[in-house]
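Let us start with two forms of the same protein chain, each given on its own as structure tokens and named structure 1 and structure 2.
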Structure 1
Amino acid sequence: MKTNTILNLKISEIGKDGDGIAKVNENFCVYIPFALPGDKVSAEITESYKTYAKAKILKFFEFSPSRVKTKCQFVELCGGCQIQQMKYSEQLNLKKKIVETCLQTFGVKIEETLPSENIFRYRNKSLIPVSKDVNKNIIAGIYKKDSHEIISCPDCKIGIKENEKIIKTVISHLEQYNIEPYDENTCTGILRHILIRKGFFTNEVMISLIVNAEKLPYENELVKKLTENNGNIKTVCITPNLQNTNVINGKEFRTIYGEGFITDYIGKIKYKISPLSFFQINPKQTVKLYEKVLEFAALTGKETVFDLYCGVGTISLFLAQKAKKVYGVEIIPQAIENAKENAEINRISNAEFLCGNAGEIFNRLVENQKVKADVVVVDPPRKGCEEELLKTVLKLKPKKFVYVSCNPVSLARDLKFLTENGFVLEKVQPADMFPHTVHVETVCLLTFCF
């Protein structure tokens, strides 16, 4: 099919990337971003391949019953929210279906997707790029999909309300003192990104300005403007990043106001969050997810537990409240430092954190040190677990294995290996951590029968 061809199409399905799918015939489909099952549209082919094409909507003839008005006017340009145009209940169904499709060979019931309490303003962290538009006005907002072009959008609807005022204050400071935003083509200019984080349970706000210099001119004046009549802003930091790369954050920060960190909670556990540390993005939903992990682990207080790929130890510390001993393993040294610090802040002494490759360390503990564990929890990155780790699970034969996954495709592969080797997949619970996106988190319980 030629590009630029215009077709009238009825959308019958939705794919796992959130594109609507129209079948032209048995062997040819058209993928259309932002189209939903039930929409009838006129669409123009933008890319064409042997068995499928991509198209963009020109006009609607009929709207899908699942369609709602989006809150954000930039959804199509941004690409961050692939399904904001879909009713929330339908989004939850879609996520369940995505998991169901990946795990259908296991013949196990997939629970209804756990909904997020907030479906807008749920992100506690925003990284806002700053630039100049064609008229040389300073703007801040979002990247246009698949590009480095910045669109002025100071109030992303999944970010916090406080962002807009902070961004406007920073822009007016740049204008007042003729401070240039960073230009990645020439590597000149100063302000690159504004990082804003909020503790959802404490209301504390942190601002970090990522700059292509050691200092931002007139820092103290900016602090005064930001904190005037805004008691929630607890700290302001400067994070130099003089590298000409896509890496956004710098390696060290300097505190120009407050203590250089804010605090927040997940359940009863308190966390210290610095401009550089990792913290769960949707903390309210994280509690629900971890409660599921805890429910599946069914701890009584006597168990030894592994939390592999533990990051800053959020799951480990959550489980430590109900276990005898928890071992957390993570590859990033900084994250392990944070995990140890978080354990200390909360006076948790039954969690031990080890830095290194999860598969290797786990195997060493089980093989050489003969550590026995009753429950193993994993929360791996998108590529899933390493084979060495899964083989060690088979050797250890824990009574319970809880798998937290952000990618149902790698999850299906790992579950296949485990179920072919004696484990039984008992429960599958999808959870929505990121409303309006097609991301889905899944918690699975496997048991080992002797």
Structure 2
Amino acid sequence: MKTNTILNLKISEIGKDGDGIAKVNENFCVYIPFALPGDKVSAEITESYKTYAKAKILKFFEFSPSRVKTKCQFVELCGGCQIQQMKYSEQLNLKKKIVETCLQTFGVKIEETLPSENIFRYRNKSLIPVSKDVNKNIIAGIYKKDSHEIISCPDCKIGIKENEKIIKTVISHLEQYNIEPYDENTCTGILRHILIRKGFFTNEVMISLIVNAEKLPYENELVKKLTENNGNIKTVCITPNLQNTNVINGKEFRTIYGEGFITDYIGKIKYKISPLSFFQINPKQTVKLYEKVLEFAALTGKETVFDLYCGVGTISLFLAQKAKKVYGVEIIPQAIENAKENAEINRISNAEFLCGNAGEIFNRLVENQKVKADVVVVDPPRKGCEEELLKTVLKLKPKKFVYVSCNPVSLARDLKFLTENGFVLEKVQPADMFPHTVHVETVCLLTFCF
């Protein structure tokens, strides 16, 4: 099929990336962004391959019953919210279906997707790029889909309300003092990104300005503008990043107002959050997710638990409320230091955090100290678990293995390995951490068949 061909199509299903799918015949499909099952459209082919093509909508003949009006005018340009045009109940069904498709060979019932309490304003962290538009005006907002072109959008609807005022204040400061935003083509200019984080349970706000310099001109004047009549702003930091790289954050930060951190809670556990800390993006939904982990672990207070990929100890400390002992394992030193600090803040003494390779740490604890793992919990990155780590878990033979996944594809691969080597998949619970996107978290319970 040639590009620029115009077709009248009916969308029959939606793919795992959020694109609507129309079947031209049994051997050829057309993928159309922002189309929904039931839409009838006129579409123009933009890319063509042997068995499929991509297209853009020219006009609608009939709307899907699942379609709703979007709150964001940039939704089709941004691509961050691939399914904001879909009813939320249908979004939850889609996420369940994505997990079902990936795990269909295991023959286990997939529970209904846990809905998010908030479907807008749920992100506690925003990274806002700053640049100039074609008219040389300073803008800040979001990247256009599949590009580094910045769209002026100070009020992303899934971000916090405070973002807009903060962004406008920073831009006004740049304009007043003739401070140039960063230009990634020439590697010149100063302000690269504005990082804003909020504690949803404390209302504390942090601002970190990521700069292509050691400092931002007239820092004190900016702090005064930002904090004037805004008592929720607890700290402002400068994070230098002088590298010609796509990595956003620098490696260190300097505090110019406040203490350099804010605090927030997951359940009853308090966490200290710096500009460089990892913390869950949707904290209210995280409580539901971790409660499901706790439910699957079924702790009675007698168990020894291993939490792998423990990060700053968010799951570890949550589990420590019900376990006899929790060992958190993480390969990143800074994360382990933060985890220890969080344990101290909460006066939790039954959680121990260890930095290094999980297999080596397991061997040291199990073989040298005769520690037995009753429950193992993992929450790996999108690529899933390394096979060596899974082999180590097999040696431990824990009664329960709780797997938290952000990628159903890598989850299916790891579950195949585990179930072929003695584990039985018992329960699968999808959870919606990111409304209006196709991303889905999944909590699985496996038991070891002795």
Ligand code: SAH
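Here the rigid core means the biggest group of C-alpha atoms that line up within 1.5 Å when the two forms are laid on top of each other. These figures come from a predicted structure and were not determined experimentally. One-based numbering along structure 1's sequence throughout.
The chain as displayed in structure 2 is taken from the form predicted on its own.
Relative to the superposed core, Ala358 undergoes a Cα shift of 2 Å or more between structures 1 and 2.
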